[in-house]
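Here's a solo chain for you in structure tokens, the form predicted alone.
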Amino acid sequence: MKKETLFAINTIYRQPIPVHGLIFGSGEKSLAIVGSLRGNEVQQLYICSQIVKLLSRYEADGLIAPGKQIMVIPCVNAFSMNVGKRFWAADNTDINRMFPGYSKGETTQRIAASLFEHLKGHVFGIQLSSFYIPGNFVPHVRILDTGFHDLDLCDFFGLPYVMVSKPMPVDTGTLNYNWQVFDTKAFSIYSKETKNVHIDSAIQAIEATFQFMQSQGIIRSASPTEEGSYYPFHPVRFKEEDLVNVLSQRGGIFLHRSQVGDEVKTGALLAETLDPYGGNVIERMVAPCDGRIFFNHNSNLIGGHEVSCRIIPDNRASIA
């Protein structure tokens, strides 16, 4: 492993904050893995740390394929992580809305530009992502339908779900979108948690990443009996627009009555909202369709007209 300082971020009141890349193997820029771009992405940082730990073993054992290079960037936004802020602490802007960046712009635009210079040119890119709405997910691969995407490659991660999203204008500033525009086959992996470490779903994300690397010939199996054994898994594919959002109507104390991954029938109780002063139930949210819970609001407080959960409906259109 080679540790490189890719660039440093100058701040007013602190010493320059370095952004490190950990490089394994040599040759073709085969894969870049990016962890926390936001200051609350603790799960993503943890997953990257474990990927680095395993890749160090693979490299020591000669299991990184000749002529292949892997770069892991565990954390870009250490400043915000240190002070407990989700976005850039100085001005509350989101680095993952600033790509491909502007070297003469605002701080987060300059960070995005410096980072993207090191990320361009990789054959594959994996971002360990979090959602703009706080909550818990069923682990899945998300890919943007840019016209440059390769949906079939998502199957090699072996995760149970693949979500295809049509880019909105706000998505054009994300890393995933710009990676694709600049000829990198890009994927986002969503784990269950964001600000807390969830071991089981972290292991899923790590195994998915290594399975993808092996399927693409970037690494070799640690077990000779598994060499060449990775074939495309057939996950559930669906469009983000097919998700059914269940909105709260009242604000208050929010209590789950179902969990992400649960299969639900129409009319099943999903959650309840309690009056924060009286303690009585003021709203019961029920499933509007048959399906599986894909996303849950994870705070015990909720406002009116917030997404309490998202359901993958059983009657969605299939994606070839």
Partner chain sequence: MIKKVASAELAVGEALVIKKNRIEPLGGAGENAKRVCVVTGTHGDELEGQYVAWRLADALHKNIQDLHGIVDIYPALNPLGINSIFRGMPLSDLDLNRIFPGSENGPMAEYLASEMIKDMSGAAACVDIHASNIFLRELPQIRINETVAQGLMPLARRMNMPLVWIHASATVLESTLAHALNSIGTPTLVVEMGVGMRITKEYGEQLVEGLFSLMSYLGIWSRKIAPTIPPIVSSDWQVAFINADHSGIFICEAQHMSTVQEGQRLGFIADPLSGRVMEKINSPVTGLLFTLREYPVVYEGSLLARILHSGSSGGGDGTENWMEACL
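Residue numbers count along the first chain shown, from 1. This is a predicted model, so every value here is computed, not measured.
Keep in mind that the form predicted together with the partner chain is missing from the display, and what follows is about it.
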Partner-contacting position among Phe99, Phe137, Phe124, Phe238 - heavy atom within 4.5 Å of the partner chain in the model of the complex:
Phe99
Taking the partner chain in the model of the complex as the reference, which of Gly252, Gly39, Gly35, Gly291 has a non-hydrogen atom within 4.5 Å?
Gly252
Does the partner chain come within 4.5 Å of any heavy atom of Gly27 in the model of the complex?
no
Taking 4.5 angstroms as the cut-off for heavy atoms, does Pro18 touch the partner chain in the model of the complex?
no
Although the partner chain is absent from this view, report whether Pro66 comes within 4.5 Å of it in the model of the complex, heavy atoms only.
no
Heavy atom of Phe116 within 4.5 Å of the partner chain in the model of the complex:
no
Pick from 150 to 158, 129 to 137, 180 to 188, 68 to 76: which stretch has a heavy atom within 4.5 Å of the partner chain in the model of the complex?
129 to 137
If we check the partner chain in the model of the complex, which of the residues in 1 to 40 reach within 4.5 angstroms of it by a non-hydrogen atom?
Asn10, Thr11, Ile12, Tyr13
